[in-house]
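Only one chain comes next, encoded as structure tokens, the form predicted on its own.
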Amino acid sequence: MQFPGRRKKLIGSSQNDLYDHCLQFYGQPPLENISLTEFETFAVERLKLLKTVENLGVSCVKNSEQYTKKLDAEISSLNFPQKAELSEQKVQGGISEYEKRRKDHISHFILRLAYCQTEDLRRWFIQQEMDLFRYRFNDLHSKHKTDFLHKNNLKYETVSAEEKKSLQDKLIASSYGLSGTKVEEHDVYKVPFQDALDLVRTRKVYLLAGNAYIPHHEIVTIVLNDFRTRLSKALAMTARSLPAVQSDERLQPLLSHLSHAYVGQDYSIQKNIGKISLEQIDALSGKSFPLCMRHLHKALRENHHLRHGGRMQYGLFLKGIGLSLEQALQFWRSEFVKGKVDADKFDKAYAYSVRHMFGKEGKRTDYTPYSCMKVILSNPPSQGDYHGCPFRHSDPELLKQKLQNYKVSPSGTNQILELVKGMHYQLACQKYFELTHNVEDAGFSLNHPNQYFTESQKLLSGGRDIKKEVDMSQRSQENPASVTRPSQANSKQAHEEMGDLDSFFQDE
């Protein structure tokens, strides 16, 4: 596949010129050819990195030792750039620094295409890219920071040792956390004051003759503002060009998939089939179901009916936790006949769709339980619906009442509502897990309702599943290096499959 762009600007310049620094503003799009497999692999791995950045940004203090250690490990495991020096020599069992920088460059532009489509997606992408950029910039040595500024035409000159000495007292008095030793050991940058308005407004810098004197630890604020401005403009331009890209039938399903992609364990493979009984469902819903599925189960028991969105979301979840086809038919039939649907109507109007969900009708495809991102971003509930994510789609007051009814403490409820306010819906669900299971740290990043159930059962049964030990393949989910990489064909197939399945649930 080929990236379009202003090829003339790169004539005569080598790839080493493009990747001669480990950090960049992503101003020049990649122009080389890549395969569709590489296209998707790069995108999925960068998405996994950005989701780690998001999770750590809420669960840890930014730039703390814990934050740095976990993010550094994730960057390393996913083979993104870390070293300041460029080398084309491969390390043993890995890839070269040059290849890592190439991957960083290309993957950023791929996710631009996927995340320019709506305001919410753009806001999320900009925030995570800024946090990642901040971490990587702060990790640079002074020399490489200066090299980066010069390479990107940021005319921020470093103050000479003589000038620092003459202004030392004033710099210390005007800049928080600055001491005489730090002034001597670290760089101070001289920047036109209009480029540092945020720091001027908060009185963190010394002003003289129209220039702001910025300590080494504050220059990242200036660079980040520049990065945000450039990225925001670039996403707006990308959005205007998106129709031309989406007309390519190879890319359209990939880009649609990436904006709400799930990068964890595949729950379409039923390793738990037959491991739960219908009698266990009520008890399991109270202790091991995520809030979205607990809400759906309660609505089904009370109303003896769910509309198509709820049946799809809840039905595939039950299939994923181990309900067999025979059990599913019995479960839905017994509940629906308590309402306005008799057994004959159920067999004619609903049984086919249940069998279809299990791959026994139509295309005979094994359908995948919904991930958190799919629940959050697709098919929002309307009046009379019970599907969706309660943290995303519920009114905050109704959510608060629901949490209180489920015995979540007032302080815990406030923590969850703060996460919801910040639009961290999966982290809010993870906090709900921690509060209802009485643990300080869940020990995993929540991405899937079936993952919630699996982790709950492991915790409640001391490392055992409902009846058997958890599969080693399930434990691999805890390994940061393990990531599902669906092929382009599978992405398109999954999109078509869910659309086909929707058609069997349109009756009310």
Partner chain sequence: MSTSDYDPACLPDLLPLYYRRLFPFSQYYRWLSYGGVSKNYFQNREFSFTLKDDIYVRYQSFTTQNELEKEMQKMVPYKIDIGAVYSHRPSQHNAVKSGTFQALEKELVFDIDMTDYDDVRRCCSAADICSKCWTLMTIAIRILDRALREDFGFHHLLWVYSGRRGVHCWVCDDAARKLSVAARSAVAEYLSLVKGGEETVRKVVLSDPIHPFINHSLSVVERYFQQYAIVDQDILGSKESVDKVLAVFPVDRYFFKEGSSVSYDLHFSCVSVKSNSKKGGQYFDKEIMLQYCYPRLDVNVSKGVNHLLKSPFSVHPKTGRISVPIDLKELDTFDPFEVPTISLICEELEKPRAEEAEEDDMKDKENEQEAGERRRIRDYKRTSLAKYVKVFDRFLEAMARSRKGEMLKKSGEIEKDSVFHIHLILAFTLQMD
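Heads up, when I say rigid core I mean the largest set of C-alphas that superpose within 1.5 Å between the two forms. As the structure is a computational prediction, the values presented were derived from the model and not from experiment. Numbering follows the first chain given and starts at 1.
Missing here is the form predicted together with the partner chain; even so, the following discussion is about that form.
Site annotation in the model of the complex: the residue of Arg203, Lys407, Lys143, Lys233 reaching within 4.5 Å of the partner chain with a heavy atom is Arg203. When the partner chain is considered in the model of the complex, only one residue from Asn153, Ser382, Gln194, Thr229 comes within 4.5 Å through any heavy atom, namely Gln194.
In the model of the complex, Lys164 stays away from the partner chain, with no heavy atom inside 4.5 Å. In the model of the complex, no heavy atom of Leu121 sits within 4.5 Å of the partner chain. Of the heavy atoms in Thr68, none are within 4.5 Å of the partner chain in the model of the complex. By the criterion of a heavy atom within 4.5 Å, Ile126 is excluded from the residues contacting the partner chain in the model of the complex. Of the candidate stretches 324-332, 166-174, 409-417, 308-316, only 166-174 has residues whose heavy atoms lie within 4.5 Å of the partner chain in the model of the complex. Using a 4.5 Å cut-off on any heavy atom, the one residue of 22-43 that reaches the partner chain in the model of the complex is Gln28. Core-superposed comparison between the shown form and the other one: the Cα of Val191 travels 2 Å or more. Residue displacement note: Gly339 has its CA displaced by under 2 Å between the shown form and the other one (rigid core superposed). For Arg203, a C-alpha deviation of 2 angstroms or more is recorded between the shown form and the other one after rigid-core alignment.
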